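Next up: a single chain in structure tokens, the form predicted on its own.
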């Protein structure tokens, strides 16, 4: 008995010594401390995940070490030998799958109706089918920077000096001096510590969100955020809670419910974010920024604000909602904007503290893995900022055109305009104005109960006929085009967004147009609407 006990003790000591040797060897390896921290935090949050990762690790090691062709070499029957004739026949019979689904009749008709512009686009582009200029209310050219001669010359000088781009990631060999200059220009213009430039506008916000929001974090988002924000939240794998569109009372209720839920299950404190847009791409409504910041500070959340449609168009010099509401940009943790929309150049940016900016240089996926923006576009964006800073009358003219358009549109009974009165994009919804109208109004019976924060669909969601409204709006667009006014429907990729947006006509105001041209174009649209839906 004593001999058996002694043998067992010896085995235990030997095993303990072996583990100690393995541990010492492990900690001598570079990066071992990082691996240890990751395993500890992962096991603490989800022990089952640690067990699953160990299984996957051993399967990967086994797959790498195992020869995949060993059995095939010993057994030639596993190979099928084809003659040259059989190979030729198989190749001849192969039909590749189409890269996309064929267009239906409606899509074909809409594609055929897309106007073709001869020469550069601008406030009065020449249409190929008519050979005449049209008034452009379709393009995002809010302050008339598209086609600006000074910007054009600076872009040409940059292209001759630096080429069209490096085709390399920013962190590798894609950074030019003009990229860094644009980042400085943005941060000085907005009054933030720093800014980071992304080469694509759509991927900016969809990279900023997962750079900060991770699994286990809490995101509280507006139900009507644009597709790029939805994709960013999806990639982050965070816990998402939703509040009713542009309803900050609903937002506060959701913030309170999140804290109650955490206390009830005695969960740990996690990073928490509010994500919304300054001016919503979906309908042109505007968020109440001072109230939003008040709630953010009260409930200890970080704020990610997408100002893609307000930067360069709202405020005395185009600084966006911070200038309109006289709010310091430093109170917004991550301020995201578009240089493609507001500055008629390309790409996007995220402004904030130096910590926020530098974190994205190694964690923003579109920054790390995408080719950098062409230098000529960066210079164009910097020149656009200089023009906005030095020419406040540009914004004054834009705001006058917006007010002139709204005065006319507000008198039309057959449409509703959800957009804010300061928004440069104006959405038009059709509504029923007579018993025999072709269009029925969206049906929604208010229940008085709050929506479920865990669901992106509101409790009293309006119901509308997308196909019918799209068809009616397309008829308006085509008739306006025939009369020399370029307008467009708000384009959607149906089936990709979490909730479907209601079809609308979207008018884009521009300071490049005179007030008379703006009123003339809007009156043309109004006459068509009245004739078709009264």
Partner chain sequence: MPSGIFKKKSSSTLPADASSYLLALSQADARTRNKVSSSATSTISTPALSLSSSLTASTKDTFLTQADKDDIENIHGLSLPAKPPTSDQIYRAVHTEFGHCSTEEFRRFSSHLPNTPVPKHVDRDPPYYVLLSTYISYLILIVLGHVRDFLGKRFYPKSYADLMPSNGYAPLTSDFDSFYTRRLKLRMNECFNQPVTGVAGRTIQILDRYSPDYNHTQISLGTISRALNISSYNYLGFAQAQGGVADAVEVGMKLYGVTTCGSRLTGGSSDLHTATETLVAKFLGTEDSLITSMGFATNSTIIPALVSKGCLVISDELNHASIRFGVRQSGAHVKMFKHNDTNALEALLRETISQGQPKTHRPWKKILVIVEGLFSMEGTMVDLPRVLELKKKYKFNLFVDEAHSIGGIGKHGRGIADYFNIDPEEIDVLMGTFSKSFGAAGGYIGGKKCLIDRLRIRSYSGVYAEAMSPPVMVQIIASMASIMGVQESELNHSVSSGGSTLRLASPDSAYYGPITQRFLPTWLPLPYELSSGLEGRERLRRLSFNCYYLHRGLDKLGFIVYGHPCSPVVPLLIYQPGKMIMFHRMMKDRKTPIVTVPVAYPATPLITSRIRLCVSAAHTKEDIDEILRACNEVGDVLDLKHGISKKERWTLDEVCGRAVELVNLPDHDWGN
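If you're wondering where the values come from, they're calculated on a predicted model, not measured in any experiment. The term rigid core refers to the most C-alpha atoms you can superpose between the two forms while keeping them within 1.5 Å. Positions refer to the first chain, counted from 1.
This next part talks about the form predicted in complex with its partner chain, which is not shown.
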Heavy atom within 4.5 Å of its partner chain in the model of the complex - the one residue of 109, 407, 164, 454 that qualifies: 164
Segment assignment from 340-348, 245-253, 411-419, 186-194: heavy atom within 4.5 Å of its partner chain in the model of the complex: 340-348
In the model of the complex, residue 290 touching its partner chain (heavy atom, 4.5 Å): no
Contact flag, residue 396 vs its partner chain in the model of the complex, heavy atom cut 4.5 Å: no
Residue 463, heavy atom within 4.5 angstroms of its partner chain in the model of the complex: no
Residue 391: touches its partner chain in the model of the complex, heavy atom cutoff 4.5 angstroms: no
Within 313-335, the residues that have a heavy atom no more than 4.5 Å from its partner chain in the model of the complex: 334
Large Cα move at residue 97 between this form and the one not shown, threshold 2 Å, rigid core: yes
Core-superposed comparison between this form and the one not shown, residue 407 Cα displacement 2 Å or beyond: no
Threshold 2 Å Cα movement between this form and the one not shown for residue 466, core superposed: no
Pair residue 238/residue 56, Cα separation in the model of the complex versus the displayed form, closer or farther by 3 angstroms or more: farther
